[in-house]
Structure formats: structure tokens, C-alpha cells
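First, one chain by itself: the form predicted on its own, in C-alpha cells.
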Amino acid sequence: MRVKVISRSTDEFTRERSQDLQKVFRNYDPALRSQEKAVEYTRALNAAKLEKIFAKPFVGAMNGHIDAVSCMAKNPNHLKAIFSGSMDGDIRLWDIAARKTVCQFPGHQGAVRGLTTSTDGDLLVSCGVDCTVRLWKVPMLKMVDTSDRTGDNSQPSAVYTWKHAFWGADHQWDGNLFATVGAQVDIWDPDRSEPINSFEWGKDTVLSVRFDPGDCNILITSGSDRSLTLYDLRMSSPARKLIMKTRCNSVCWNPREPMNFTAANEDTNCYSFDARRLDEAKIVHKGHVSAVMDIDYSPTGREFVTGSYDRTVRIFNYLGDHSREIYHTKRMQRVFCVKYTYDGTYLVSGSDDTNLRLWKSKASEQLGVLLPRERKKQEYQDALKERYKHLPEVKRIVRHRHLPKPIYKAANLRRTMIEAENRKEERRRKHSAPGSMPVQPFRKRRIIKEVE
């Protein structure tokens, strides 16, 4: 004779400690919960709304400069340290956590145009329009309260005077050499007072320079002749040159895909290229309504930040054609330089109103230490938003960004102009001989030619 009995062990439902969570037993049979999709959709909608409610990206401003901030550099030794240079020749080391100046580096007689640090973070290189390159010993940033400044580091370890003004500088990711640009591209060794190598292609001013993270011998420059030029230090002459219709103000390599780079252009767009194939852009990133002045990639290589003359800071996905976030304040003026922190959590912008501003890279991210339950809840809400992002109501809430009225009007005007230009080109094609005006993709439209 068989007898069925209901039995359960106390170990299955009894907590070991009073702080433990109660065990909940659920039957995951979908037939028992016919409203599961509707409940999840409502939760996704609420998660999207809560994200907007808690979106407070602005952390704080760092003031101290008396002229516009022209360039910035990160310190690889410390997450919370950043250097900034201004148009009056002032260079400062900032503690981002305390948002205060730690040290000043006086000496330049004109605008500081280039700042970069060595690979070990012990050497700061600055250059400017006073035709000098100055090397500074970086003081140790004390990991304690910086309520009192450590003073001025008034004497540079070396000053090299050269024949022309400088517009930018960058250091090798793995090596001792650094490059400066101006009338030409100069390669310097910190121990020598003159460049060890110089490159020149044309007579126009070179505006920015960046070394390749994957190969310390490869670098790229952007010039006022609307060119992007690739150089190889192992060769005696420049390698390749790409000429566009408008000039690029800045350029940055993707640290995780070091064959790809993105250029910030005067025509309000950013163009991502593969260095092995320069005849067309991989992606055109749109959104700004005025010239893009600076660009910097996140350490993960999945996102980059841009600063523009239209007084906004935007964050783009590296594969996205439109910005994910738009940051602006009433007081922030034209943005000249932007940087991600080394952990990718924050970004710093320097603008014409003499201030540096600290922003969160994720606008609604909670600062501080999260409990495991809070982290799991946030991950669950992110997964819900990702699953239902294609539905109209969730999509509308997630995509909406409030813009200042001048930028909103400028964006509408620019959209109208582009549509009129496209209509004109379409009508011209209709009234031309078949095949005489082929359709050219936008990725190739702004490129004139590639020179070997």
C-alpha cells in the first residue's frame, strides 16, 4: 500500500540569521501568470520615468583660472587628478574629489595650447604660442584632504625654445618620446633640447596630434588645410593624408580598437574612420549645431565625449549616429576641451567662462557605494528598459532631452537647411541624364581625396 504525504524540511524555509532574506518559492509556469508581459511593460515604463527624475549629471564646477580653459591632460598616476591650461598661460593641477587647485605651474607668456603627461605620470609637458616647450616635475598628489594648496611648482625642469608657436602636444602611450605640432610636426626626446625628428607636408598649421594606443610609432594629426595625416616614426616622410571639405579641430583614437579613430569636425559632425581604409567614414555622428572643438574616448572604447562651440557637451556611443546624452548649463559658454576620467565614471569639460565642470558619465547613476540589493534592482531595471526600448511610450521617454531654446531653434533651422539641400539635389538628379549624377553616401560626401 502506497501512501503520499506532504513533507518539507525546516532547512528549506528557515533563515540562518535574522538579517538574511526570506526564501520565496515561485512557480515559473507561464500559464499561471498571463499578465506577466503587461506587468514587465509597466515596470519598464516606471524605470524610464525614474531615470529621468534622478538624472542630475552636473557634479560641480572648479574655478580658479582667470581666462578661458584651452587644454587639459589626465594624470595616469591618480584617478582624481587632472591638469588644465588656460589662454593666459596659467597651468593648474586639480584634485577632482575636492574640486580644488593642488598646484600651479607659472611660466608661459601666452596661451597654453598643449598639455600631456608621460607614461609614468612623473613628467608634465606643456607648450604654447610663446614658442617654448616646458617640462615640469609632477608633485605627488596627497591622498588626503587638500583644503590647503601645496603651493606653486614655479620652476620647470627644462625649457626648450623653438622657431614657431605650438598648437598641440601628445605623449607616446608606451615610450619616452612626445610630439608637438604647429608649423610642423616635431618629435622630442625629454633629454634633448631640440627635436630628434620633424615632419612637414604642406605649409599650413597643424592643430592637434594623437599617438596610436596600439603602436607607439603611429600618430595622426589634423591641420588647418582640412587634412588628417598619418605618420610613422620609422619612416622619413608622412604616410597618408586625407583631405576633407572642412577642417578637423581634434582627433582621438579608440583605445580598445586602435585601428579606428574619430575626428571632431567644423561642420558640426564627428567622423569615425578605419585607418586602413580612409576613402569613407565608418560612421557619421550627428547632433551638434556648431563646430565640434574637442573629443575624448572613454577607457572602455564604447563611448566618446565631445565639446562644441554651441555650449553643449554630448556623449555618443561609438557605433551610434546620434548622441546618448546632452549636458548644458546656463552659465557654461563655448566648450574648448573635454576629458573622460580614467575609470570612465566622470568627465571634465573646460569652457570659455574660465571654469572646469565635472559631470557624471551616466546622468542618473547613484554616487557612492551600492548595496547588493540596490545593484540587482538597477540591473533589473536596465534590462527591462533594454527589452522594451522599441515600444513607443518607453522610447519617447528615454530619448527625450530638454535643450536650451537657442540650440533647439538652431537644430530645427539646420534640419530645414539639410532637407532643402537634399530636395535640391534630388530634383537636379531627376533632370539630369541617367547615371550622370550617382547617389553618393553621406559617409563619402565630406571627403575630397586621399593622398598617398
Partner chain sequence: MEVAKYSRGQGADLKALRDKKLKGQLSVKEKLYGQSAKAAAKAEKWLMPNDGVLGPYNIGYTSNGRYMLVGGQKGHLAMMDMLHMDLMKEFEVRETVRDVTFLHNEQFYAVAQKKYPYIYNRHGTEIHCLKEHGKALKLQFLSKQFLLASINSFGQLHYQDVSTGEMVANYRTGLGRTDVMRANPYNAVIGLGHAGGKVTMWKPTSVKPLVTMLCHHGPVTAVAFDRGGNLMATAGVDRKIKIWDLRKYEVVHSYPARAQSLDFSQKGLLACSNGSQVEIYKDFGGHDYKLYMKHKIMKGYQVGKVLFRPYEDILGIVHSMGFSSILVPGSGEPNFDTFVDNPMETTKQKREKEVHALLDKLPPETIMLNPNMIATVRAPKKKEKKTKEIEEEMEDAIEAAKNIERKKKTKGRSKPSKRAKKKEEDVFKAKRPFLEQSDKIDGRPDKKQRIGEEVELPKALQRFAKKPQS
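The term rigid core refers to the maximal set of C-alpha atoms that superpose within 1.5 Å between the two forms. Residue numbers count along the first chain shown, from 1. Treat the numbers as computed from the prediction; the structure is a model and nothing was measured.
From this point on, the text means the form predicted in complex with the partner chain, which you will not see here.
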Looking at the partner-bound form in the predicted bound form, is K444 within 4.5 Å of the partner chain by any heavy atom? no
My question is simply whether R427 lines the interface with the partner chain in the predicted bound form - judged by any non-hydrogen atom within 4.5 Å. yes
With heavy atoms only and a cut-off of 4.5 Å, decide whether Q35 touches the partner chain in the predicted bound form. yes
According to a 4.5 angstroms non-hydrogen atom cut-off, is Q22 in contact with the partner chain in the predicted bound form? yes
Just one of K49, R43, K389, R401 has a heavy atom within 4.5 Å of the partner chain in the predicted bound form. Which one? R43
Only hit among N422, N412, N63, N27 for heavy atom within 4.5 Å of the partner chain in the predicted bound form is N27
Heavy atoms within 4.5 Å of the partner chain in the predicted bound form: which stretch among 51 to 59, 412 to 420, 27 to 35, 66 to 74? 27 to 35
Suppose contact means any heavy atom within 4.5 Å; which members of 1 to 16 contact the partner chain in the predicted bound form? V3, K4, V5, I6, R8, T10, F13
Does Q22 move appreciably between this form and the one not shown, meaning a CA displacement of 2 Å or more on the superposed rigid core? yes
Core superposition between this form and the one not shown, C-alpha change of L50 at least 2 Å: no
Once the two forms are fit on the core, has R33 moved its CA by at least 2 Å between this form and the one not shown? yes
